[in-house]
Ligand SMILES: NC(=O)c1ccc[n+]([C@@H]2O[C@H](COP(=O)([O-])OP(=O)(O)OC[C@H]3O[C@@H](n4cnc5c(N)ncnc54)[C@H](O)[C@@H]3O)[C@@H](O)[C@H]2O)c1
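Form predicted alone, single chain, as structure tokens, below.
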Amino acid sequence: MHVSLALKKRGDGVVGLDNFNNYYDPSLKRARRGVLENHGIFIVEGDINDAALLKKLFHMISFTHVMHLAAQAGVRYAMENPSSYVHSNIAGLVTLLEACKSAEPQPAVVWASSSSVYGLNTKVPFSELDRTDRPASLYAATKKAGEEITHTYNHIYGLSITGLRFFTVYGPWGRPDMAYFSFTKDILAGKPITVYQGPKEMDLARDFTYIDDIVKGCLGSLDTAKKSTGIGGKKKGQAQYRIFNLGNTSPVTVPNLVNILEKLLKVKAKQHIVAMPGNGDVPFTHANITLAHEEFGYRPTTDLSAGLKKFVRWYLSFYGADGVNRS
């Protein structure tokens, strides 16, 4: 949603595609759609696995770029519904790349990988040159598979492809299943929140990255993406292939996140502190963003306190202090 608004604001034509599934509250997704349509952005309701729909779209419009942010997200849900991750993150990606490779002209592709591909890596900060062959979750494994799949389509068909490894994106209109969002909801409702600790009671830490900074990275990637080289589904020359970290480079512990929320909400959290279960989560993330900075000047400017202040303002305006959306 945020990337679409930024593209539209600067004068680009944008068409969106979303299946509005019920992994989390579809009414939030439809509210986002309402915002986009108010800004003249047309959203097609459909699935990236629908090859016929994609073929029709690419036939109707000569897309110069594809920004592929659709995915089944979340580390823990993968243990409940593994097939949804394979369906969206692997099969859906292949269906989309098939449409891109056959399009005339071929678009440049920028897509969302994830910092989770670093898995059990302990060297910090995480660099694009580090190992990514030890995923800690099925979600991470599907994103790693996506990186290998995109490399294959780049190599065989000449698609220009850029993968973006996002680090814990947060902000207004975000995902309700993420800690900062669910903590806000439960703290306001007076419900206890569960705070996980790593081995030896170590505080978990995340490289929280504010949505506006991520948008800058997405647009920078689009603007520096070179053209694909294939014609008629056949490669005519070497095509660009890149992977970038998009993070904030300032990891914050989860207890610090809770402290910031308590101050902003003016409510003391009831905390239930437990050991991190073996569900695929990792103890910390920390991005090295040198490559993105060198390539397109990526430089995050929003710290967690400032970003959460903007999120809380949006949350209270959208849901109210009682957590009910009346729009």
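The shown structure was predicted, so the numbers you read here are calculated from the model rather than taken from an experiment. Numbering starts at 1 and follows the sequence shown.
Not pictured, yet referred to below: the form predicted together with this ligand.
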How would the site be scored, open or blocked, if this ligand were superimposed onto this chain using its pose in the model of the complex (blocked means 3 or more ligand atoms within 2.4 Å of backbone or C-beta)?
open
Quick check for you: of 120 to 128, 148 to 156, 97 to 105, 164 to 172, which stretch puts a non-hydrogen atom within 4.5 Å of this ligand in the model of the complex?
164 to 172
Could you confirm whether residue 88 comes within 4.5 Å of this ligand in the model of the complex, counting heavy atoms only?
yes
Given that this ligand is not shown alongside this chain, does residue 47 nevertheless sit within 4.5 Å of it in the model of the complex, heavy atom to heavy atom?
yes
Evaluate residue 69 for contact with this ligand in the model of the complex, applying a 4.5 angstroms cut-off between non-hydrogen atoms, and reply yes or no.
yes
4.5 Å heavy atom contact, residue 132 and this ligand in the model of the complex
no
Would you mind picking the one in 286, 29, 293, 65 that has a heavy atom within 4.5 Å of this ligand in the model of the complex?
29
In the model of the complex, the residue from 215, 178, 188, 136 that sits within 4.5 Å of this ligand by heavy atoms:
178
